[in-house]
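Alright, here's a single protein chain in two forms, structure 1 and structure 2, each given by itself as structure tokens.
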Structure 1
């Protein structure tokens, strides 16, 4: 029962921590517009050469393409194929791809196992059970191989060795330990990995009949759930903000009243720093800085 309680606490931390992170991001000031092309928006022929609607005369009077088709296609290629890693660091790609697909398949197998447990008593789920077992086996194999490969690359390759942090190594070791203990559980018989979900969901009063590796695997998963919201691994969903809301946001302010209000709030913020070209020194708002004849808000410096 203690195991179930700890997992419940970890789940609360997992969902609460991620929710807080998302809310804090949504409340951040409006981002600095990039407007660096190409981006996956607009007509495909324009995307090919990195064009934008700014090319059209009187663009502010014309409707804007609001379709997200190209964005969805881009995200799917990045999530499923890690296209960015493939294009920029080919030596790292295969190991990163194996690790990510190990994680995807582990989550999928867990969801299928949960569905198997929740099926009505007497329901036929032989195929589903086989899919769960195959999914876990493939997930742990791919994930462990990817983790080991990334540890070697990050420890040896000069391109990433210099900025590989201890936290990054710890994260890889944690994931590798989860996959390794999962593989050991696959050979542990009836008390192995395939029974983990059913044992936990049905709230057993005694979990001591499982092998030690079972408890180690569950403990690692529990720690990972509570640890995840405070790591860089949240890029799994934070990319929405860095892509859709920052890199790809070129929407005309004239067509977005909410964005106009957000920028108006930003203009009333104090300039908290000074430089040769921004001499406000923390006493002027940004609206006063940009309105100053010299362009640096010097008139408000005191």
Structure 2
């Protein structure tokens, strides 16, 4: 019962922690533009070389591209193939790719296992069951290979060695142990990894009957769930913000009917930057600071 309670707490932390991170970012003030090309928007011919709407005369009179087709294609290449790492750091790529696919498959197998458990009792779904079994098997093998490779690269490769910290190694060891105990469970027969979900969901009171490695695996997973929202691994979904809301956000305010209102809110914020040329020795609103072009407090008096 304790295990189930701990898992529940971890799940709450997992969802709440991630939600807080997303909501906090969503609630940040509307920022200034900081896009970076190439941006997967606009006509394909222009995307080929990374061009933008600024290449057109009278661009402000033309409609903006609202299709997300190219963005989706870009994201898929990034997520499934780790294109950025492939292009810029080949030695890291194979191991990073293995680790990422280990994680994707582990999540997928778990979702399928959940599906299997939640299907009406007695129903037989042989293919689904096989997918779960092979999914976990593949996930743990790829994930373990990836983590081991990354551990070696992190500790040895001159390009990353100096930037590897205790926490970086800890994260890899944690992931590696999850995959390793998963592997051990897979070899432990029918009560192994593929039945973990069904046992957790259906038979929480009999969890004591499992071998030690089962408990270790579940404990590691539990810890990972609660730990995840506080790590840089949240890049899994925070990339939405770094890419869509910063790098690819080239929407001009000429097309934003709320721009003036948004700016007015920000200009009324009080700033306390202390350099003499900013607020001339006190707090001032941003609109006073901007009006005070000499940096002598005139804007504040105006």
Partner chain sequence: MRKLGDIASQSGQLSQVPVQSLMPLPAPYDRIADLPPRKVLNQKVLDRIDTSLDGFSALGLARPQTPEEEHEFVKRFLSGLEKLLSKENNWTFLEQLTLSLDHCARCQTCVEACPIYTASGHDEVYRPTFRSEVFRRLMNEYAKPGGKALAWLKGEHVELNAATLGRLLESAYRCTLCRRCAQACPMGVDNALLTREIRKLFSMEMGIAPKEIHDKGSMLQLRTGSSTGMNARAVRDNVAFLDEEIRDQTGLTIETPWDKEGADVLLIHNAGEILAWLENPMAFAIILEAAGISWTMSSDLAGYDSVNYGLWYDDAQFARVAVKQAEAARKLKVKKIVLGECGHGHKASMVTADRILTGDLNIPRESALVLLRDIVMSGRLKLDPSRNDFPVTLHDPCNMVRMMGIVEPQREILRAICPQFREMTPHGVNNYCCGGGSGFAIMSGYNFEDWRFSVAGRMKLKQILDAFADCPSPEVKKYVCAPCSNCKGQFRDLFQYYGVWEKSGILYGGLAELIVNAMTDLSQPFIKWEFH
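Basically, rigid core = biggest C-alpha set you can superpose within 1.5 Å across the two forms. Numbering follows the first chain given and starts at 1. Note that the structure is predicted; figures quoted are calculated from it, not measured.
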query: Structure number, where the criterion is the form predicted on its own; finding: 1
query: Exceeds or equals 2 Å, Cα of residue 250 between the two structures, core fit; finding: no
query: Residue 34 C-alpha relocation of at least 2 Å between the two structures, rigid core basis; finding: yes
query: CA of residue 261, rigid core aligned, shift of 2 Å or more between the two structures; finding: yes
